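Below you will find one chain, with nothing else, as structure tokens; this is the form predicted on its own, and questions on how it binds or moves follow later.
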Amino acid sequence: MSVYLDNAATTRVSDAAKDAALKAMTEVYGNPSSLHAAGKAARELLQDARRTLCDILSAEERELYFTSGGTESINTALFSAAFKNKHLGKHIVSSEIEHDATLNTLKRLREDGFEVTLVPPERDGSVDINKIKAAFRPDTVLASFMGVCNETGALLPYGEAAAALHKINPRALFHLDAVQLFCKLPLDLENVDLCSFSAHKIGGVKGCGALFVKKGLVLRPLLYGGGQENGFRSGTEALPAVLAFAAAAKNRHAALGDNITHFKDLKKTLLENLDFPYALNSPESSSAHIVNISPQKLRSEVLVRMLSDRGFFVSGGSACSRGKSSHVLKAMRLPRENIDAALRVSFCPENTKEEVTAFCRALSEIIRQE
């Protein structure tokens, strides 16, 4: 039996996404920038994919740009927005629990002369909106927050934060990291100026993402070249991956309500079947598709390996950390033993209660044996 419960790291490519990518690779494989018929056919499919995603986002087609993934989208948003507003101020606000794509970009911006305030989380992993508001200043020109924490499932109050930022400084820009939010929970782009997405978190192909840039906002590109994506993101569009992204998003969004209910059922099944002492590292009001727990025995790398040997796949935190202690759990000021033993269980719509129950049984057997 093989049970994959690491969907916050990546997901299996959906059948619809696979079929869309295959069509682009074998049938409509022209360069979308070419002027001949093959290029025109590819260009039409590219625009169809953009329309599909924009319909989901309630955005205009010129507001969405395709990228190589969430990391590029986040880097582009933060660098471009910070330097656009540099003449207005050099203060940036984010949180201590952001993905490394955000935190390391902010580290570089610090080196470039910006001042960065990182709001700490509460002990349960949530981020207090009042602390976010208190961090904003008249010279704050950029704020960046994730919608869902990729390690704990914590929901960040991005909508209220964006409105508060614009009230303090109407010319400030708000960036939302929606990598773990898009097509998993309802997304509201009101007051959001920039928003980053990743395809492989929802059944798309790795190496593809998108960046929403609010209408009327003109930013400096991160990549220069042939002028693709209306000059904002040069480089030949990865048409197979883009079509797969749109197909995966269309299917996930159509089933959004059912999937949310399903994730809640899976989380309930997980927590009801853990028959050993553990700590729950996810807030009570968190997204149900990510659950972080700390068994009171063994270190996470040992548990991950032993579970893998039995065909159950989870992680000890962000896939990008590769064994390092979680900066998110450290920021939550959890006991060392909780951090060292943390396991992240993350669901996709195809996971079943039977799989979750089998995982709990396997984990219980491992803990009883040690």
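So that there is no doubt, residue numbering starts at 1 and follows the sequence shown. Keep in mind that this is a model prediction, so the values were computed, not measured.
Beyond what is shown, the protein has a form predicted together with a small molecule; the following relates to that form.
Not one of S126, G153 and S287 places a heavy atom within 4.5 Å of the small molecule in the model of the complex. Checking 85 to 93, 278 to 286, 142 to 150, 212 to 220 against the small molecule in the model of the complex, the stretch whose residues place heavy atoms within 4.5 Å of it is 142 to 150.
Although the partner is absent here, T71 sits close enough that one of its heavy atoms falls within 4.5 Å of the small molecule in the model of the complex. In the model of the complex, at least one heavy atom of V179 sits within 4.5 Å of a heavy atom of the small molecule. Heavy atoms of R252 never reach within 4.5 Å of the small molecule in the model of the complex, leaving it off the interface. With a 4.5 Å cutoff on heavy atoms, S80 does not count as touching the small molecule in the model of the complex; it lies far away.
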